[in-house]
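In the block that follows, a single chain appears as structure tokens, in the form predicted alone.
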Amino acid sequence: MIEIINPGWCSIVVDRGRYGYADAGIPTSAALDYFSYSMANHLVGNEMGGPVLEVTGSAFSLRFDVDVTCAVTGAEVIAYLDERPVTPWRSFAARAGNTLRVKEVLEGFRYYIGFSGIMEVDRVINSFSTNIECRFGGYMGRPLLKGDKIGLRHAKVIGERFIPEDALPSLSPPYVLRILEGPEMGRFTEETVGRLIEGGVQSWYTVSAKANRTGIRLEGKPLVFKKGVNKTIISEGVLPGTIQVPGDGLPIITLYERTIGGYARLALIVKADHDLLAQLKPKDKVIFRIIGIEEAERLWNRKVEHFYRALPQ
């Protein structure tokens, strides 16, 4: 069993999500950083779809009531097991009575904590992920609170594993997000689209404080609609990574808690860059760069190859 001492800003149980129910309005609620999530499971010897903790914010801590193997991945953090420093992206043995504490997040925004064995949490519609808005899945359908206790089935200590340093993601802003043309890109002025293609300083956006698992609102020079065009659309399905633009011209990046939207869809962030969205924090700089579908497919294939090369042996 683990007991939450300090949940940080927001800590929830996630897995790879619930797919196939968007027509009923049920989002995937998946781990935002799939690579970090998957590596957390592999480092502790779990199957790929097992539940882990997704944590946002520093000052997180928990206490172990069982001997277990643990791993921390994702954002670059300073962490300790009792007074001993913990190396992220490397598994370690925790003994009953030990306390894991994440003191500070240096780069990135979200990190993942995996445990050998399976957390005893709610599995709803084929997923352990927490749907905060509808309050189901995970731990009572909500973020973790101080004093929450989660059982661990089949907890055990296994040999140490690590992810090679050259396989770790770069988390240094400004972040470059590659995008594909969206269905309503033609509704924006040539200057607006040109700034995105240029990808220079003039096209920087800043992540606002209004960023959560539903979406990331950006601040900067407003995108301009052409005169006379509709600034909204009839609500229809949106994919994770869709860049929607409301009437004020400031883009919103859709994440994993929405299935429909009514704002103009300027662009789609390529799937190869989706993990990076989990690590965007307020005040980070973002640059968009338009590419073609063939380049997007090549980037995704390269990411998949990178994923399997990174798996610990």
Partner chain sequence: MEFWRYGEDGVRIVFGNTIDLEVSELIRKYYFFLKSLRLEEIIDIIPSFTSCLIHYDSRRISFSDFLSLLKKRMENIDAVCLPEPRTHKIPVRYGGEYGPDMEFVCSYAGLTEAEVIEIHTSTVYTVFAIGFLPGFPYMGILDKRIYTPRLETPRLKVPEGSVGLAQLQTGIYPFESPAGWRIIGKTRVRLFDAGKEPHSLLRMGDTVRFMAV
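Residue numbers count along the first chain shown, from 1. Every value quoted in this text rests on a predicted model; they were computed, and no experiment measured them.
The form predicted together with the partner chain is left out here; the points below concern that form.
*asked:* So, residue 160 and the partner chain: in the model of the complex, are they within 4.5 Å at any heavy atom pair?
replied: Because no heavy atom of residue 160 falls inside 4.5 Å of the partner chain in the model of the complex, the answer is no.
*Is the gap between residue 251 and the partner chain in the model of the complex 4.5 Å or less for some heavy atom pair?*
No.
*Should residue 135 be counted as a contact of the partner chain in the model of the complex, where contact means heavy atoms within 4.5 Å?*
Yes, residue 135 is a contact residue.
*Hey, in the model of the complex, does residue 257 get a heavy atom within 4.5 angstroms of the partner chain?*
Because a heavy atom of residue 257 falls inside 4.5 Å of the partner chain in the model of the complex, the answer is yes.
*asked:* If the criterion is a non-hydrogen atom within 4.5 angstroms, does every one of 2, 7 and 145 touch the partner chain in the model of the complex?
replied: Per the other structure, none of 2, 7 and 145 touch the partner chain.
*in the model of the complex, which of the listed residues (87, 235, 99, 170) lies with a heavy atom within 4.5 Å of the partner chain?*
The residue from 87, 235, 99, 170 that makes the contact is 235.
*Heavy atom within 4.5 Å of the partner chain in the model of the complex: which of 73, 242, 127, 116 fits that? Just give me the one.*
When the partner chain is considered in the model of the complex, the option within 4.5 Å is 242.
_Please pick out the stretch from 278-286, 58-66, 25-33, 39-47 that is in contact with the partner chain in the model of the complex, where contact means heavy atoms within 4.5 Å._
The contacting stretch here is 25-33.
_Heavy atom within 4.5 Å of the partner chain in the model of the complex - qualifying residues of 99-120_ = The stretch 99-120, when checked against the partner chain in the model of the complex, contributes no residue at the 4.5 Å heavy-atom cut-off.
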